[in-house]
Each structure stands twice: as C-alpha cells, then as structure tokens.
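As a starting point, one isolated chain is supplied in structure tokens, in the form predicted on its own.
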Amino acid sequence: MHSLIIFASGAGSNAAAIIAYFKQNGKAKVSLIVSNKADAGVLDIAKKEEIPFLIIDRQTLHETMLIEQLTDHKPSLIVLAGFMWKVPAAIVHAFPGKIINIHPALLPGYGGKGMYGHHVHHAVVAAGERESGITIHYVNEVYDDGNIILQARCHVDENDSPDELASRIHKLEHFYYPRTIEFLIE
C-alpha cells in the first residue's frame, strides 16, 4: 500500500477528502499529517482517524531531522493541502518529483507569494474573470511554479462573491485531488 504524507495548515477539508477516498479504495494510506499550526482543524481529523501527526515551526521545517522523519514513512507522495509555508529546497531535493500542491486558481494566473485561499478568490472576482478553477502541480523551489499535472475549470458568474467562488473551487478540489493522487501513485 502506498504511503501519503499530508502537509496542511487549516481546517483540513482536502485532507479529509483524501483520507476518505483512500479508506474506501485501499490503494494508499495517509501515514502522517504535518501542520505548522497547533490549533489547525486538520489535527482534529488526524486524531479522529488515528493518523500520526507532527506540529512543526519554521526552524523544524529547515532541519535535517524533519527530512529523516518524513523518509521513515517511505512516502509515495507528499501532498500539500492548504499548507501555507514555502517548502524548503532541502525537502524538495530530498523527495524529487514526489511533492504536489493544489492551488485554487488556474496557474500561472493568481499564483505566487501571498496568493492563497480567499486572497485568490477575491482577486479573481475583482478582476472580472469569467473562469477560474484549480491547478494541481509539482512543487519546486518557487511558489506555484512547478510543472502542472492537472487543471480543472469552473465558470465565474458575473455576480459571484468570493465565498460563492470558493465553494465551487472546493468541490473541484475535493473531487480531483484524491483522483490525481491515485493516478500518480499507480
């Protein structure tokens, strides 16, 4: 069975979708959840699902010991699911082609430092875009710059609020992220 490590900073809705998907089909198991926030909702999910978790700070993120801990889990993939910190080059190099991220817009538009979550949806709506979506991509040393694996699109209505767009984007994320992971590990 494939091992997945999820890095998340927030409520964990994508983590929950991934965990549920692979519990049902048995092709992979989330073996570790890593968070930079001790009060992140994703940790409640980890506890409920009896998945080991690790809370890190900025210093820990840059320590060799973290790479060793991740390596111990023999991950097929490291999955960023709303992780708000840039992954250091040392981790990217330790797991080449094995770290993926999901971004709530169609990259290369609306990407880069500071463009995450609600900030992205506000920017898309404010720009009057008629289309948005998600991008699943490999992680490299630059924010939102890695090779694109998949993009899925949705319409942006003229009167959409950022919250309405976010709801539509979350549906795309929860459907496509687990299936893309499955495709990559097969």
Ligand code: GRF
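It should be emphasised that the depicted structure is a prediction, and the values quoted were computed from it without experimental measurement. Position 1 is the first residue in the sequence shown; the rest follow in order.
What comes next is about the form predicted together with the ligand, which is not displayed.
Looking at the ligand in the predicted bound form, residues G10, N14 and G82 each place a heavy atom within 4.5 Å of it. For the options I78, V92, I102, L106, the one in contact with the ligand in the predicted bound form, meaning a heavy atom within 4.5 Å, is I102.
The shortest heavy atom separation between R168 and the ligand in the predicted bound form exceeds 4.5 Å.
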